[in-house]
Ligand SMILES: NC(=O)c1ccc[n+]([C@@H]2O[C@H](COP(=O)([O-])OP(=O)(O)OC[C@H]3O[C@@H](n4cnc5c(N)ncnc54)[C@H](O)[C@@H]3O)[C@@H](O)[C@H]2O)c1
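Presented below, as structure tokens, is a lone chain in the form predicted on its own.
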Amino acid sequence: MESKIKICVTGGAGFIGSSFVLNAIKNHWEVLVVDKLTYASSGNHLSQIEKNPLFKFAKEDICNFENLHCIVENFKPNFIVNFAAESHVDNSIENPKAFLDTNIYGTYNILEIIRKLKNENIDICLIHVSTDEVYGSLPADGLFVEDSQYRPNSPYSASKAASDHLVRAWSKTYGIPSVVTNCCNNFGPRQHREKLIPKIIYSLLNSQKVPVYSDGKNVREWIFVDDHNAGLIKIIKNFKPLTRYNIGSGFEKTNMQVLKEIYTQLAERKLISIDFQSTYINVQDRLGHDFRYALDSTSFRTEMDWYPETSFEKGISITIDYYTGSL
């Protein structure tokens, strides 16, 4: 049964998407990746499976409705897993339109394609991969649950919140079978160096000071990318339409704690030999900077019998291996 599953993965050459694709192929599922190969994605992320008969690739932008419609109609997937997104908050502050185009209009295109094909008796389930940032900011305690109010505070999180609402509306109105997942911060191999953890690794290895917003006390929940995607695999195997899941690890870290962990591991490997206080510089805080994100993942863990298998420290070790060429 599982060998017959066909999945279209939008944004499948990006960081999280490529990890998902590699896991899907291990499950012997047929996978079509649709990706326009922006600066943050790369065909090299999938080079190890490019000759696998279960793998197909189409270079396309999800904002191009006609081309995307033809690709999906020809492939006839059972599932579309939508990772395609502009995701860097700083970039969204500088250029919000790109985020509205991809995250909102691109999601609309996917939903409309599923709706039109449904009318042709081609049934496709959608898993829409979103973020904890749609909920806004938390104080020092408390957790976001699936019913928490949306309070996005950046152009990025606002665009993802809008896309979540579109998925719900199309599902309720047109009967599209969908699941929305809101996940905490991912990290691991193949992440673009603009993101915090690879930026810290590259900066320290190249004797550059790490820019730390304000006092570095902002808190994020971190999950190793393969643990996140193992959860998505379980959703496909146990698909329940019109549900939402928070996917979190419980590993909350301040930005300074993240920096200290990476510094410690690099120093233990004798890859750096500088004093910790010399590794960073405090910079002006980001506009609209959320203080803390943290998710209650009880529903997801219970329904899917899932838990994160990779500790934060182990995940950092694997990530350092990748960026230093040891992996």
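Residue numbers run from 1 along the displayed sequence. Keep in mind it's a predicted model, so treat the numbers as computed, not measured.
Another form exists, predicted together with the named molecule; not displayed. Remarks below refer to it.
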Listed range touching the named molecule, judged in the predicted bound form by heavy atoms within 4.5 Å, from 210 to 218, 135 to 143, 252 to 260, 154 to 162: 154 to 162
4.5 angstroms heavy atom contact with the named molecule in the predicted bound form for I200: no
Residue contact check: E60 to the named molecule in the predicted bound form, 4.5 Å heavy atom: yes
N109, heavy atom within 4.5 angstroms of the named molecule in the predicted bound form: no
Touches the named molecule in the predicted bound form: A85 (any heavy atom, 4.5 Å): yes
All of F15, D35 and T38 with a heavy atom within 4.5 Å of the named molecule in the predicted bound form: yes
S92, S171, S148, N185 - the one with a heavy atom within 4.5 Å of the named molecule in the predicted bound form: N185
One residue of K76, K116, K195, K237 in contact with the named molecule, assessed in the predicted bound form (non-hydrogen atom, 4.5 angstroms): K195
Residues from 122 to 137 in contact with the named molecule (non-hydrogen atom within 4.5 Å) in the predicted bound form: V129, S130, T131
